[in-house]
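Coming up is one lone chain in structure tokens, specifically the form predicted on its own.
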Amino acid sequence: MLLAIDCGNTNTVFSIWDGTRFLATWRTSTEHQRTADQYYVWLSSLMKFQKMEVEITEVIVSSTVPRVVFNLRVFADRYFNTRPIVVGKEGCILPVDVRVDTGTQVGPDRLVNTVAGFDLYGGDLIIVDFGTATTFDVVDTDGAYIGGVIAPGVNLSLEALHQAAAALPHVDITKPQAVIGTNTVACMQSGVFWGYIGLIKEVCARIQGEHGRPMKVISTGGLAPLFQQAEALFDEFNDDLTMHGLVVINKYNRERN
């Protein structure tokens, strides 16, 4: 079975794929100092708790945090006796082209989402991922990654407001009752919520204008359904988009080795 690992700036997701479906998915905070042994103790405890007796034979990793990759490689080698495929590293072949400026490094999560989006929905896509950063990735007609947009993430924006302005509290993002806030928390929530609604609409409209063809807008990440409550911003929502992309990339590479 395949263990797919998506390591982001805030959280790391582990999913077990049996060839037809994901048997389980777990999240942990991303900590670059976590050792291979600590990963195994954490994962094996969860598997034991859920009474999962599976044999991991393949591992694939996508990481936006370079410092964790070494320990994840050791983890896969030591406990599952397999050399992991690492997206963006030597030995990992993508089933789509990457057409950006020479020398540009594209985040592996964005490439994985591109692969997943093209596999599930075809070409001419905008993929909006609500992570630590809010990213807009553009997928061409043939599935190639051709660039995108990076904006501050929703929670990052709220945290920056709290840290930079002494009088502003820490608040959680939610859909406000009204645009005009009548207290500090409501004002902050309205500014971030409706500000991101405007950001998403404007960026997607300008991308489609430059692209010159109709495009589907696909969203992923935990906050996407929240913003969909206000207006029909997205054609599809897929919370497992990144994991699906890892499965596709793993299969593509294993078939060629």
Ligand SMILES: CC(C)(CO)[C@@H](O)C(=O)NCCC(=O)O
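Residue numbers here begin at 1 and follow the sequence given. Note that the coordinates shown come from a computational prediction; the quantities given were computed from them, not determined experimentally.
Quick note: we don't show the form predicted in complex with this ligand, though the next part is all about it.
Heavy atoms within 4.5 Å of this ligand in the predicted complex belong, among the stretches 182 to 190, 89 to 97, 74 to 82, 109 to 117, to residues of 109 to 117. Looking at residue 133, you'd find a heavy atom of it within 4.5 angstroms of this ligand in the predicted complex. At the 4.5 Å threshold, heavy atoms of residue 165 stay clear of this ligand in the predicted complex, well away from it. Within this chain, residue 160 is remote from the site of this ligand in the predicted complex, having no heavy atom within 4.5 Å.
Contact annotation: residue 25 falls outside 4.5 Å of this ligand in the predicted complex, judged by heavy atom distances. Not one of 15, 47 and 57 comes within 4.5 Å of this ligand in the predicted complex, counting any heavy atom.
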